[in-house]
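One chain follows as structure tokens, the form predicted alone.
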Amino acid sequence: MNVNLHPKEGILFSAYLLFFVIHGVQTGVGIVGLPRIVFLEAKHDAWISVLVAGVLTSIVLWFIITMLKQYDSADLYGIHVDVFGKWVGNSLSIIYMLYMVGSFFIIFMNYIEIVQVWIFPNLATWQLALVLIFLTVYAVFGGIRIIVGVAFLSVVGTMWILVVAFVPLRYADFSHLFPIMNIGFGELLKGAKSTTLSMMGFELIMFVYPYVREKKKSMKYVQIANMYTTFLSAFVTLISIVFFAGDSLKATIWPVLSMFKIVRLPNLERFEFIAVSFWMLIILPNMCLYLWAASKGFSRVLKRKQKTGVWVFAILAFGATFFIQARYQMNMVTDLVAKSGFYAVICYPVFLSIIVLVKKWWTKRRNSHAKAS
């Protein structure tokens, strides 16, 4: 396997679009339940935990981009082979592919659950799953530039939802935020860890990076995107804390959607129906990028056509929908992917980056000694 990819000039995209890619893939179904998940760990300081998670994510991104800069134009699959060799490297790549397929699966399954609870309670899971998967496959077949375009439209087309989020502030009780920082640092870190499902997605930079035209600007735009996602998530969490009375936030599964219920527009009594419908546009970049990255690995590791990989993973994900018959099963799968995501997204990239940096340093040192002798 070639370590460095050399994509054609025609499929490269500008570095500033990384802002839309990273923010688009970080913001998905996780954010609608984020305030409750973090509140269970960090109580009324949950919004601080989200900020801490953003800082940690920023540090991980620094490691990832620094690692990628050690190569001309490599993705994670190529780096695995360069660092660990063909067999071990490809084995690690297959494990990472499975994680990405799992992420792809829980994204659309959690969205389907939201649609069934809020709009169509009698809708069969497989019907909406089929629609979402075909939409994703169609976009992935268009290539990376089409996927980046989907991410751009997703971010721009849903920014108005942020304005609507200010409406619950009319009923806010800011006394719910006090006393600030009256929990231990351990609880804050637990709260930060619980944001994994909502913050993950930024790791896909390890697959998108070779297709960026001005690679030197990558660090700036991914950090800006992560900063924007962090403040958005912290803002939504803070609003949820001041809006819900007492511990009622603990009992509200999707607090963001529940807050939308108070929004009233002329001739539209159930605004949350609009929000849920638009959320499909928000999750689409997530699904596209995870399926594209996994199928790219299918092509590079198994030496098969990428389109074949797209269909294989899409069919596997669709088949898995028939095994989820109850909410507790969906919760188990989501928790499993979230826990594995913590290691795949936070721990492993930092570990791999350190190995790459040490190896590059050792190689340069050895070469300089060889020239001197």
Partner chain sequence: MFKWMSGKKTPEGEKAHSLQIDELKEQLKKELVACSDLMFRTLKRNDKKIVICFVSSLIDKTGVDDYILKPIQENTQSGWSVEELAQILPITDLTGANQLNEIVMALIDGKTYIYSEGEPFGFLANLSNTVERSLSHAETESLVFGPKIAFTESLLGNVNIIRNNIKDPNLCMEDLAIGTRSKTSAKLVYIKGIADEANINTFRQRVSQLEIDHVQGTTVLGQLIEGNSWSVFPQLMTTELPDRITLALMSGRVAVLMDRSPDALYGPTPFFTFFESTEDVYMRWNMGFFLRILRLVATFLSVLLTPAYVAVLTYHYEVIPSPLLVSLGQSRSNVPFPPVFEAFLLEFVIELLREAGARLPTKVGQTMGIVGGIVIGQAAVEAGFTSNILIIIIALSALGSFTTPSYLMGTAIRIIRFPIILMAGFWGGIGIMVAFCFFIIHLLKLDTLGRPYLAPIYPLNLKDLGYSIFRFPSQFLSYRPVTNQPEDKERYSAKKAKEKKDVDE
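Everything numeric here is computed off the predicted structure, so don't read it as measured data. Positions refer to the first chain, counted from 1.
This protein has a second form, the form predicted in complex with its partner chain, left out of what is shown; the following refers to that one.
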* Kindly indicate whether 85, 357 and 370 are, all three, within 4.5 angstroms of its partner chain in the predicted complex, using heavy atoms. => no
* To do: Determine which one of 73 to 81, 199 to 207, 123 to 131, 294 to 302 lies within 4.5 Å of its partner chain in the predicted complex, judging by heavy atom distances; exactly one does.
  => 123 to 131
* Asked: Which of these residues, 245, 180, 94, 281, gets a heavy atom within 4.5 Å of its partner chain in the predicted complex?
  -> 281
* Structure fact -> Answer key, its partner chain contact in the predicted complex at 4.5 Å (heavy atoms) among 165, 139, 189, 98: the residue is 139
* According to a 4.5 angstroms non-hydrogen atom cut-off, is residue 171 in contact with its partner chain in the predicted complex? -> no
* Does residue 15 reach its partner chain in the predicted complex, with heavy atoms at most 4.5 Å apart? -> no
* **Proximity of residue 111 to its partner chain in the predicted complex, heavy atoms at 4.5 Å** => yes
* Asked: Any of the heavy atoms of residue 228 lying within 4.5 Å of its partner chain in the predicted complex?
  -> no
* To do: Check each residue of 130 to 167 against its partner chain in the predicted complex and list those with a heavy atom within 4.5 Å, in sequence order.
  => 131, 134, 135, 138, 139, 141, 142, 145, 146, 148, 149, 150, 152, 153
